[in-house]
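For reference, the chain that follows is the form predicted alone, supplied as structure tokens.
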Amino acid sequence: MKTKVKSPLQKKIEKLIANRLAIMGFVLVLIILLACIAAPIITDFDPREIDYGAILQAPSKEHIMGTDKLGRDVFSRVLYGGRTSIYIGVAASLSGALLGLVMGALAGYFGGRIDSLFTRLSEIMLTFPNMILILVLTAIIGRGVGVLIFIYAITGWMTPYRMIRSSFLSLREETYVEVARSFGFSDARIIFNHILPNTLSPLMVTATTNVATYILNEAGLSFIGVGIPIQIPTWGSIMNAAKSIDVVTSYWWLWLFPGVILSLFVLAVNFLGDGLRDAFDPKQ
């Protein structure tokens, strides 16, 4: 009886499943994500609805996470705020990864002036402290969800770029690439059909961990009042109320619940990213 040979992908998936922290992270991410998506079903409260008769109420059966200074339900704001925060993290990570992928593929495959131009540009971008660069661009361009995603994309493409460029520099000399050229395949076909699939594993890991980074950055910016406009609920803007020492000491529910959910989600994404790295990164 012949033993069935497992494909490399099957082995990687089995290794990922065997990583308990990665699976725990995946389950936790899925639960929080589904809860945020199903917010209109889970709660009847509007996250922007002001109720002056329910100002600063402690957690109760009606308001399980209490209310804020304007009488808004904290639980509904955490759910709807999670939608915005997670969307920013995912969209910014994918945008930066896509930009770095295209530029890295072109630089690594063609080399020459394109490689020099993109590499010098990435080095210039990396000389600026990332948070300061984000603050400067926010002050120049403005505030908003789309603006913040754009800023994260143009300040976060350098790491994916260097990874993809490095992979292309080595893979473009492989025999199968030379064979593809001898058959007259176009450069675009060789880049996207033959080389690119072999470079995506490390990029996938980086993009996953960047989601957590961008969510934390957004929370930090919103906390100090320079991120998303305050009227749009995000995990960071909800915790903005904790800048007051009176809130920290007397109204703990205003910062504890969103802070715990934010921390759990970021921790879960990092667990998942570590598991993906261990399973799919060829350098491991």
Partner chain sequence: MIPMMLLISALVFFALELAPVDPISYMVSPDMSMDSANLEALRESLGLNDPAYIRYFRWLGNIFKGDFGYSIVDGSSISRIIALKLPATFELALGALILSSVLGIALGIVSAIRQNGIIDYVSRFLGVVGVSLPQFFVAIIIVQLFAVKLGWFPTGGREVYGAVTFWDRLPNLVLPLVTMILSMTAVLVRYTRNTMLDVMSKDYVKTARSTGIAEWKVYIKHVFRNAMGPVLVIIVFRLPMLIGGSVVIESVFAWPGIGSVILGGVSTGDYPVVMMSTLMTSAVILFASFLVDLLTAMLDPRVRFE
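If you're wondering where the values come from, they're calculated on a predicted model, not measured in any experiment. Residue numbers count along the first chain shown, from 1.
Separately, the form predicted in complex with its partner chain exists; it is not shown, and the next lines address it.
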item	value
Among 64-72, 51-59, 30-38, 222-230, the region lying within 4.5 Å of its partner chain in the predicted complex by heavy atom distance	222-230
4.5 Å heavy atom contact with its partner chain in the predicted complex for all of 171, 176 and 182	no
Any non-hydrogen atom of residue 255 within 4.5 angstroms of its partner chain in the predicted complex	yes
Residue 242, heavy atom within 4.5 angstroms of its partner chain in the predicted complex	yes
4.5 Å heavy atom contact, residue 124 and its partner chain in the predicted complex	yes
Contact flag, residue 128 vs its partner chain in the predicted complex, heavy atom cut 4.5 Å	yes
Members of 233-270 lying within 4.5 angstroms of its partner chain, judged by heavy atom, in the predicted complex	239, 242, 243, 245, 248, 249, 255, 256, 259, 260, 262, 263, 266, 267, 270
